[in-house]
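In the form predicted alone, a lone chain appears below as structure tokens.
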């Protein structure tokens, strides 16, 4: 068996000794956790909707395998290639997200998906990583060339994305994109006062959404009054209680038999019931490790584009994980947001893999001869 040497000058050899293997290992572990939890949660859900027990498993195995390939492949790219990939991806995702208003499937009152043979795609998932890098490029170019209206262009693109997400509607993703962009603006030099004003505007927008958007009003009322959507949160909390410290054992949980979204938005509850608090804390540690290590890698980075890109990527990744786990634990209203690499969903898994591949590519150690 051939072993990669530090003197190996091949593409694979250079990549292996320049990529952050700790982050790569954490991502691989999350993908493995996603596979195990899909085996635990999906058969009961498939039976309940009249499908074969293997339907979700087989699809997710393909998605997770594709995710692993994407993470490794994208992480081999140079920052210049990442920039081009992100801009192209942002334009395509914008066009497809706009197309959902015309040809999209309506599910639970929202038009977020485009139906393709054998699967459906949620284009807005790809906006998160691609816009984070595109916005970083615009902001960094604006800093380099005062005549280039980078901040204005970034704000215009962000406003367009937020308008499309509001029209779908997808308030959860709208909030994530907004927070990510505000974080990048702050790192780019925007005064904290203006960032605070932006957060205040978000709070005002949330009040307006509650007042004028019936589905938002219903979801918040269901959370605060223990009605409607709170049913799933109550069952999830019972599952955590039943699991205790070590869990009831693989396949012994019951929450997957009664929760419609046990394989998707509430897969964390399945982990808590069957594998206990130990595994839940381990999963939480993996997410925190990836976010913190990604930020720590930026302490010595001089390229503003890389700093802003990685800030946006890890902020979006960590915030998505937090929203999913917090809503499952009843800390916030349910948002319909997946747990990265673990929840069922092809668009989410592939989009998160794209973002993590970009993060690994941008934080790789590079020699002087490698392109920036």
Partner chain sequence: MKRDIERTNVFTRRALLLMAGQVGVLGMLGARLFQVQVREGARYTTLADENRISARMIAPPRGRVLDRFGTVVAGSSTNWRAVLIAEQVSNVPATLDAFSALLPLTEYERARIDRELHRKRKFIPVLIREFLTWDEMAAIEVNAPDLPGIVVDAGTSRNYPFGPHLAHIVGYVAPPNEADVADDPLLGLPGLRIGRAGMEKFHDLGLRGRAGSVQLEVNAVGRVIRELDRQEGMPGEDVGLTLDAGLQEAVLATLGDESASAVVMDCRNGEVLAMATNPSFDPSVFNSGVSQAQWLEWTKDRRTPLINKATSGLYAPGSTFKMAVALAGLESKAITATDRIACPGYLDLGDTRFHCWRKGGHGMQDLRGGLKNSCDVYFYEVARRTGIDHIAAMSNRLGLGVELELDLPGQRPGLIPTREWRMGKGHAWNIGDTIVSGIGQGFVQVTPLQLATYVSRIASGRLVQPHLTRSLAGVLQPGSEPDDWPMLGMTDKLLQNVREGMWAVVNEAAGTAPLARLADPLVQMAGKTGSAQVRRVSRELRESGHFDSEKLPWEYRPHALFVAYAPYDAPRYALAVVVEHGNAGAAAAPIAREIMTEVLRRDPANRSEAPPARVADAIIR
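Numbering follows the first chain given and starts at 1. Predicted, not measured: the structure shown is a model, and the values here were computed from it.
The discussion below concerns the form predicted in complex with its partner chain, not included here.
For the marked spot (65, 93 and 101), a heavy atom within 4.5 Å of its partner chain in the model of the complex is absent from each of the three residues. Stretch 301 to 309 is the contacting one of 340 to 348, 301 to 309, 22 to 30, 35 to 43, since its residues have non-hydrogen atoms within 4.5 Å of its partner chain in the model of the complex.
Note on the partner interface in the model of the complex: the residue among 114, 157, 187, 165 having a heavy atom within 4.5 angstroms of its partner chain is 187.
In summary, among the residues 277, 201, 76, 88, the only one with a non-hydrogen atom within 4.5 Å of its partner chain in the model of the complex is 277. Within this chain, residue 322 lines the site of its partner chain in the model of the complex, having a heavy atom no more than 4.5 Å away. Taking non-hydrogen atoms only, residue 252 approaches its partner chain to within 4.5 angstroms in the model of the complex. Interface membership of residue 84, defined by any non-hydrogen atom within 4.5 Å of its partner chain in the model of the complex, is ruled out. Within this chain, residue 149 is remote from the site of its partner chain in the model of the complex, having no heavy atom within 4.5 Å.
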